[in-house]
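Coming up is one lone chain in structure tokens, specifically the form predicted alone.
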Amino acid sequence: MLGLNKKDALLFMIVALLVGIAPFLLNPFPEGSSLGQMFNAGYPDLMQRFVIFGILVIGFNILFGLTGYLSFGHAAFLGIGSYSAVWMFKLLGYNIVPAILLSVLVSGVFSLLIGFIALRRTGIYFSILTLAMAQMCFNLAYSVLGNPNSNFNLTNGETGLQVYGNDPQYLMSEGSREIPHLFGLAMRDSYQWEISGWLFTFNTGYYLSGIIMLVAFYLSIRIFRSPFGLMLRAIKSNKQRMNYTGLNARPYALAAFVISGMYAGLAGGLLSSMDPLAGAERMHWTASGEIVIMAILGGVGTLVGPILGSGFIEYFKNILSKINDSLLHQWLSWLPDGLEDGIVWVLHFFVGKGWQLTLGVLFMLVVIFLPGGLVEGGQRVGRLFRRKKGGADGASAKQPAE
């Protein structure tokens, strides 16, 4: 199937199926109910972020998972892609095709320049170089290139770059939609229909982003299984031995860095297509750290791990940040007052504004008990079921036939 072996084709079809039905799976409770307000996460904006960050971490995994080069500055390309897309909206119009193409192109150029310098070092020195360069990009976007009083204001500083009524938008015609769209199909359009009492919603932005993520996932599979992917694995395994054979590892590592940066630029362009506003906070080192956490949490070097990790982080970030003290008191109202207040006081530090602490604890547990990430956890469960099934089959085979 499309050049994939049987196992990879099955994995791709499972991911495609999950992307298609995710808006329904993530709305398990009735709308308007207390559980629905708390745990339902199938609304369009969040679903779109799921797949966009999936694209971002899939690209990061090509670099980190295959070559072992850990970049602490990958959010720079996400921000560059976002700014590029908004500039296309300002200059040409709201069609997302030119915006996304420019996002990928400009991010590729920047990743080529940064990678050419950073890949002269390996290990922690490479990581520090990427972090330093990403912070340089952040500071440029936040202050140097974002001074509103300057004639060279490219990023609009802390306010963020957005589209204004006096922008040229040369390709905008009278009657054109004034929101990001794909040839008239708006990224925020939703269509609903009811079948046998079930309400189905089709959101244009989510499913378009989902299709792009599936293409990105397919390309990552082809890269993993290609001779180029084997060369990247050789770099991770033993770069020095590879050099001794007469092969120069740097061009392969640079190619992986550029591909990974273009994935990040694509994700940045899609974020701006969802909301035409680009800010320097997308380039901050904390955003780069979140990308690393997503990759490790899902499973570095695996095909589906990045998608699982990004979805896990975005989902629980959304759920945990919505829990406040009043909701905790409502849930624990059946307890004695003193005990209720004590438990709420403890949980207060792990939810709401303290959701990072809970995710940090979850991340520590995964790293300690599942070094291979969520994918390893799934593999352990699968092996457990196979072992039980094999034991049952063996026991039945030993019984004498009547």
Partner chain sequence: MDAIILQILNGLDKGSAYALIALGLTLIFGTLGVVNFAHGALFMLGAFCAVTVQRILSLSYSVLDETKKDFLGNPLKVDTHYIEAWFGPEIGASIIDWSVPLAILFSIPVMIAVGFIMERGLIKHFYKRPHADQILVTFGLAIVLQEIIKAYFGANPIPTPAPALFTGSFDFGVLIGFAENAITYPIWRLVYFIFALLVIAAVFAFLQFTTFGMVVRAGMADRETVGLLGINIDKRFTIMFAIAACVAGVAGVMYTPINSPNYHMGMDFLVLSFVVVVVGGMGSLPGAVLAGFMLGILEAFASMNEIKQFIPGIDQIIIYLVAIIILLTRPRGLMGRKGVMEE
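Owing to the predicted nature of the structure, the values given are computational and were not obtained by experimental measurement. Here the rigid core means the biggest group of C-alpha atoms that line up within 1.5 Å when the two forms are laid on top of each other. Positions refer to the first chain, counted from 1.
Only in words, not in the display: the form predicted in complex with its partner chain, which the text now covers.
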Candidate stretches 363-371, 22-30, 51-59, 332-340 - the one whose heavy atoms come within 4.5 Å of its partner chain in the predicted complex:
363-371
Please tell me which of 296, 186, 320, 92 lies within 4.5 Å of its partner chain in the predicted complex, judged by heavy atoms.
296
One residue of 87, 312, 285, 207 in contact with its partner chain, assessed in the predicted complex (non-hydrogen atom, 4.5 angstroms):
285
Can all three of 122, 127 and 135 be found with a heavy atom no more than 4.5 Å from its partner chain in the predicted complex?
yes
Is residue 70 close enough to its partner chain in the predicted complex to count, meaning some heavy atom within 4.5 Å?
yes
Could you confirm whether residue 117 comes within 4.5 Å of its partner chain in the predicted complex, counting heavy atoms only?
yes
Looking at the partner-bound form in the predicted complex, is residue 112 within 4.5 Å of its partner chain by any heavy atom?
no
4.5 Å heavy atom contact, residue 357 to its partner chain in the predicted complex:
yes
Going through 312-349, which residues have a heavy atom within 4.5 Å of its partner chain in the predicted complex? Please give them in sequence order.
345, 349
Yes/no, residue 369 Cα shift of 2 Å or more between the shown form and the other one with rigid core fixed
yes
